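What follows is one chain in structure tokens, specifically the form predicted alone.
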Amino acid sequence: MLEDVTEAERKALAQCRHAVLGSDRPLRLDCGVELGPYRVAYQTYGTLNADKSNAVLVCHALTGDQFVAGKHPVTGREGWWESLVGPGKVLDPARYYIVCSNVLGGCMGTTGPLAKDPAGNQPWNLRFPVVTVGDMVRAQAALLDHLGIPDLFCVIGGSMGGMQVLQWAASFPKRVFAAVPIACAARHSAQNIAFHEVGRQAIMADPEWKGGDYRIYGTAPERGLAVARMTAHITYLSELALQRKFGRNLQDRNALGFGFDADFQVESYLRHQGSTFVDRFDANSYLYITRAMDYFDLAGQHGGVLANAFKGTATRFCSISFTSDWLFPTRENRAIVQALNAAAANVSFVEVETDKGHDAFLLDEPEMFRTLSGFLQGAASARGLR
């Protein structure tokens, strides 16, 4: 399976671990397809203790990957949650054994549309089965089985990572001692589905997309993927953050250009976000992962009643939202907390005051760090984890 990878995947796989799973027992996907064998690429930080009680699973968001901390082998930048994971930080590898895997359908080493269809020995492309957040979580559970980790001290993640946290708590309650869903929702809203559709249509309208078979032609829908990234990136920020950072400042000029180059700094910023994204992300993977988020509806999985997803749970929860997050607003996080209260779960909730928008969960937010430190310390004491 390793011979068919992109250059970005090759760099990623050289710097992380991977497991080939499902050879004897294929993964049954929600769409009805049995997938196997499949590869899961993952990264670990720290050491698993003797009684295997200190494992923390970090779940990444839409455009994240397994490289939570340290230098990213493809971009050369810091890991996407460097603010939270590392020596002396909230998730300290000296205390916890931290695991993060690239999600199913991804493009950093885990099987997705880039991989070869074993039946035809050709890239899956759009013939890859559509995956769900539930499928991603079951693949993670299979990885933990492979690693000999029976249960988790904590599962944590923001945005799509928070969806995975909720799915873990609902699907494998006995394997999760503590759960931290951040800046997420129990179902994807109509507005968010609409934004995803704009991004997907931008990719599919690119003439280089070629029905998803662009790799066969040695090309890629880079313009469409860049526009998809630009559109999505706007939703990650708040109006106040954009105004504070850019305002109406001009880019490398003293007067309006009266044309369609990037007159404004915010235009240049978005173009940069789009152009750098295409170097590390696959367009078809973007289609698949956004669709997985669209399909997420935890209440729908439990008779339309969200509280039923957590009935009888012994998991401890800490839910965090941000005042300026309009992509996953606080009311959606409160709905999760209300459902947990209805299920008599142990839950705490904090709304962090910030103007940084949805991306606040990735940034230096002292109140979030204090909340997490306190929650994890309490959970560790309750579990007897030193």
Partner chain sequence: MNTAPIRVDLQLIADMVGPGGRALDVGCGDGALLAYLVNFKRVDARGMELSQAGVNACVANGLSVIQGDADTDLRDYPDDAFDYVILSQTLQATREPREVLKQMLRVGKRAIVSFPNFAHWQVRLRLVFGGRMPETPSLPFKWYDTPNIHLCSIDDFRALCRDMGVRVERAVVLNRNSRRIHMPPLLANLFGEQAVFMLRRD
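Numbering follows the first chain given and starts at 1. Note that this is a predicted model, so its numbers are computed, not measured.
Not on display, but discussed next: the form predicted together with its partner chain.
- The candidate stretches are 32-40, 354-362, 57-65, 341-349, and the one lying within 4.5 Å of its partner chain in the predicted complex by heavy atoms is 341-349.
- A heavy atom within 4.5 Å of its partner chain in the predicted complex is found for one listed residue only; from A69, L327, C318, L27, this is C318.
- Its partner chain in the predicted complex comes within 4.5 Å of no heavy atom belonging to L48.
- In the predicted complex, K52 stays away from its partner chain, with no heavy atom inside 4.5 Å.
- For the candidate spot formed by R334, E367 and R370, every residue has a non-hydrogen atom within 4.5 angstroms of its partner chain in the predicted complex.
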